[in-house]
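The chain below stands alone and is given in structure tokens; this is the form predicted on its own.
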Amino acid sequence: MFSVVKTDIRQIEPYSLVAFFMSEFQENCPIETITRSASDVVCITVLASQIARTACPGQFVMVRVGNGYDPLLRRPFSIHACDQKNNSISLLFKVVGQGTAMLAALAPDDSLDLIGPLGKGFSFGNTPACLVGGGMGIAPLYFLASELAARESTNDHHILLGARNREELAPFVDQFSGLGFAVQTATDDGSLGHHGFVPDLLDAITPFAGTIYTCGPHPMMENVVRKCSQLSLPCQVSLETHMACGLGACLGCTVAGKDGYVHVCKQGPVFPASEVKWTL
């Protein structure tokens, strides 16, 4: 016999109504830990059993910031790590404004209201992978690297990471190295690894790479895509845009695709690079 659960949809946030009728989950997630890997880089780990159980690398969540109406809109965050055994996910972000400052000020035993997992994630291939991340674009690539390490040997894959300086980049190097990957680095100021930009490291890697996965500042990804196009290498890009709903209702996250506009929240955030319009 079925039991009926009565829910007053008037009590649901307007931008949560779509999620209410779809397969994504809305969870009130207790915070387990909050750590800082740099002065302005924060990682929050929360218990989110339904989201953790179904999340795939490359997907994201929409986070409600605070309990009031300021800020009004949720914020999108890539899923940085997912631990299905412990029913937890981690979100990594840089403190850049009011919303992220409010999140960074939270403490364990506080909770976050999340909707997710959202969007289309990375597709796995049968060829060696090369992950190219820049700045906070490194965040979704760690979840991807974790899945690659769980599936097969890490020896054939390559991790290329770039950031402004050693302080920002070194913690990421430790994370990826902890999975068993050899990591190559680049910093803007030369304080760690190559003095320059992370796409510079691709030249020595492309003869051994099968599929390139990249996320970071748009000019960096465009440089990566240019190199992949010249060598006919398949490339998947994770795009970062402003989102108001994350559910495809507001159409605020459109970007130019090869055949018209695409919506990052529903058709992405991960796209084959060939489906995005670049100024190559």
Partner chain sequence: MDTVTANTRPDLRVSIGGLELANPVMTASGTFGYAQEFSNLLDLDQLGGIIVKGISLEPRPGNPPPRIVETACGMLNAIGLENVGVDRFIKEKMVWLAKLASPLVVNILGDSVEEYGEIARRLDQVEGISGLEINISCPNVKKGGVAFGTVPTMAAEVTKVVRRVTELPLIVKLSPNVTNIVEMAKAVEGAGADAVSLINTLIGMAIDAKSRRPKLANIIGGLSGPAIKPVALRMVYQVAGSVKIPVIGIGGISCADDAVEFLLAGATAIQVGTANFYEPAVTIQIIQGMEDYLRQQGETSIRDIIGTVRTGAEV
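All values reported here derive from a predicted model rather than from experimental measurement. Residue numbers count along the first chain shown, from 1.
The form predicted in complex with the partner chain is left out here; the points below concern that form.
None of Ser229, Ser49, Ser37, Thr254 but one reaches within 4.5 angstroms of the partner chain in the predicted complex through a heavy atom, and that residue is Thr254.
Think of it this way: in the predicted complex, the partner chain has a heavy atom of just one of Cys43, Cys250, Cys56, Ile31 within 4.5 Å, and the residue is Cys250. Figure note: of the listed segments 132-140, 102-110, 73-81, 183-191, the one touching the partner chain in the predicted complex, with heavy atoms no more than 4.5 Å away, is 73-81. Contact annotation: Ala163 falls outside 4.5 Å of the partner chain in the predicted complex, judged by heavy atom distances. By the criterion of a heavy atom within 4.5 Å, Phe25 is counted among the residues contacting the partner chain in the predicted complex. Among heavy atoms of Leu239, none comes within 4.5 Å of the partner chain in the predicted complex. The partner chain is not shown here, but in the predicted complex it comes within 4.5 Å of a heavy atom of Ile115.
In this stretch, 148-174, not one residue has a heavy atom within 4.5 Å of the partner chain in the predicted complex; the partner itself is omitted from this view.
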